[in-house]
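A single chain, nothing else alongside it, follows as structure tokens in the form predicted alone.
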Amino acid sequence: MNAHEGLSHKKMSLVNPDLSKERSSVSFPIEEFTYFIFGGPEETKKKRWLISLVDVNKEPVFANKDIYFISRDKYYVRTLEKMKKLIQVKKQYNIDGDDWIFLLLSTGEPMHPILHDVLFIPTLEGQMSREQSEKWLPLAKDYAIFGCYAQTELGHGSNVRRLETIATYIHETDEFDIHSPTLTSTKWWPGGLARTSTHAAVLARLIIDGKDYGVHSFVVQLRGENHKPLPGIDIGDIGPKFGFNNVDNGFLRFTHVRIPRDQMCMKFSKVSRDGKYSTSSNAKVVYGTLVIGRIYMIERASFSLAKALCIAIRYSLVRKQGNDTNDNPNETMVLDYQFLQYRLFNGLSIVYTFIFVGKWMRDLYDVNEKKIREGDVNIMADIHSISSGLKALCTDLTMGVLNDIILACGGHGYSRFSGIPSILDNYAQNPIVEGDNTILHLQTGRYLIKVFENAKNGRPTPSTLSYLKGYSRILSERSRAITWEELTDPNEQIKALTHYHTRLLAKLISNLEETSKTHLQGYEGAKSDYMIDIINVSKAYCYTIIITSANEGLESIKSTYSNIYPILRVLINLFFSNFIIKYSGEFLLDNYFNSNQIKIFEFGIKNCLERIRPDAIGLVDAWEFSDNMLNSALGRYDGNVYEALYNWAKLEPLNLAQERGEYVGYNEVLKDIYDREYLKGINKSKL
């Protein structure tokens, strides 16, 4: 049984006939597509079971329908009620790892345990010694304590090295004194901090005998009996946000809070009883929590975007507008308009391309973790750079499409009942958190400069960029493809993107070398004059990774998923072609592509839209989002959009008050305005 079955409102007789017709015309078995998304038949079976655990027909606590009407404090408590039930389910069925994260996502809204499990626990696992882990991890994994990740401060976020919170070692008592010396050192933004967390992984500057040893991680207890903040801890909520308002993002300020020495995370850096500091070559893994957080965001970008596209595509198959005449009274299904297809199918191409890059990034991370356990940190810088750039590009692209999706749904898309504003609001943090995207692109771009310089001078380069050793050959290449099939051949796609990013990088290096001759601060100072170029180099490199991983990933599953391979090929071709057209000026500039080839891409994009159109509903249904998860009047599986909008509007508290004979605003103000009594006695005067 799949996730669409067994729900009373989804009987075939009640499904909108246009949606039924569309579903019957899909060219591939939707079940196979679901297998691809979820990772195979067995994984699909397990994920359907996980989804059933939060079915609102069995567990009403997970219902989302009324969250558009409740206050922020009630919304927070409602989320805690769901969290409590989820932890019960987790313990009952021993659910862990990716299955646990999937279960949390299946509730359809942000959940506190994600922050605890994705940020707090990995910090403990990655940075604590074995003895420390044996003490703290069982408590965290059993939810006997609940943690947050306190890095960002009021005055500093992405620039971790400039954090101001200090942890001073006190020889006499064998403790650290945690202190916020300035207003700007106040921890600001950690999710789950304001009211939920009992503990925090706090990033602070280690000070021993007046010497600053840089930023390290410390576990600090925040609350004691009856959840009361401990002495010296000023903690609270930062207030309403753009989204995520069921999660208690908070502020935290320390006034000389003492913690035992063994609450510094000491897997790689240590402070002995006599105050001696030691560190290993692996100390840079202190930033590993940032890397895993960014990888999580890369993986989940397709999930969030697929939810919004599911709503928009279903609605666009029900909604009809225009083209009616006296001879033909029937209006056109809006998804049959080419520009709407371009908006939405571009999003679909991103969703499915991102699935491949997410898996590629996770595999690379797993390789790195294995190497770290063996004492090898050689690819740490590489994975940090790649995850930074990909997080920035993936979240930027996702945000752009989410904005397009609201516009694609017309006026109803602006309604909270569409479900899309909530997806957008909750996603909007992603280009900022875990590193501002501009800063991340600059980090990746500067790393690429360094690697290219090494390649030019015959020094070692990371395996992911080893091709730069042949940069002269890459720069001399031009596309000889003539047909659409040749232009979109997987190898041709990879060659085109590799050429593009290598050319931008070589041009940047040349400009830096020339500018540095007269720049007062030399080569490093010249980089400030080329920030835009550095960011563009990072973007180009990340597009190259996306296209490479998508094409290689697709070819690797060609035999396993033969029925859906053709439409996946079309989607990747569309993603690639949109990129080429967007940056066609760059490709024409050095004649890698000529004008005739660009025209072929333009026509090819339109052909891709035509090919995707009959399969659009299958490409979103395959995700098996429940109605509760989407929480959308427009994206209902049964397509009864207008009935749902009307019925949900009737639930508005202002309308319910009117049904009780209470007319909010009338007795308070409107009565006086209509009676005009408030205007009597006013002396008219000329300006």
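Quantities reported herein were computed from a predicted structural model and do not represent experimental measurements. Rigid core here is just the name for the largest C-alpha set that superposes within 1.5 Å across the two forms. Numbers follow the displayed sequence, beginning with 1.
If you look for the form predicted together with another copy of the chain, you will not find it shown, but the lines that follow are about it.
Not one of 36, 171 and 509 is positioned with any heavy atom within 4.5 Å of another copy of the chain in the model of the complex.
Proximity of residue 411 to another copy of the chain in the model of the complex: non-hydrogen atoms within 4.5 Å are present.
In the model of the complex, at least one heavy atom of residue 658 sits within 4.5 Å of another copy of the chain. Using a 4.5 angstroms threshold between heavy atoms, residue 69 counts as touching another copy of the chain in the model of the complex. Another copy of the chain is not drawn, but in the model of the complex it has no heavy atom within 4.5 Å of residue 120. With the partner left out here, another copy of the chain still marks one of 482-490, 552-560, 297-305, 70-78 in the model of the complex; by a 4.5 Å heavy atom cut-off that stretch is 70-78.
Put simply, of 611, 267, 195, 362 only one has a heavy atom within 4.5 Å of another copy of the chain in the model of the complex, and it is 195. Interface residue among 243, 293, 126, 462, judged by heavy atoms within 4.5 Å of another copy of the chain in the model of the complex: 243. Contacts with another copy of the chain in the model of the complex, taken as any heavy atom within 4.5 Å, map within 640-667 to 642, 643, 645, 646, 649, 650, 652, 654, 655, 658, 663, 664, 665, 666.
Once the rigid core is used as the reference frame, the Cα position of residue 212 differs between this form and the one not shown by 2 Å or more.
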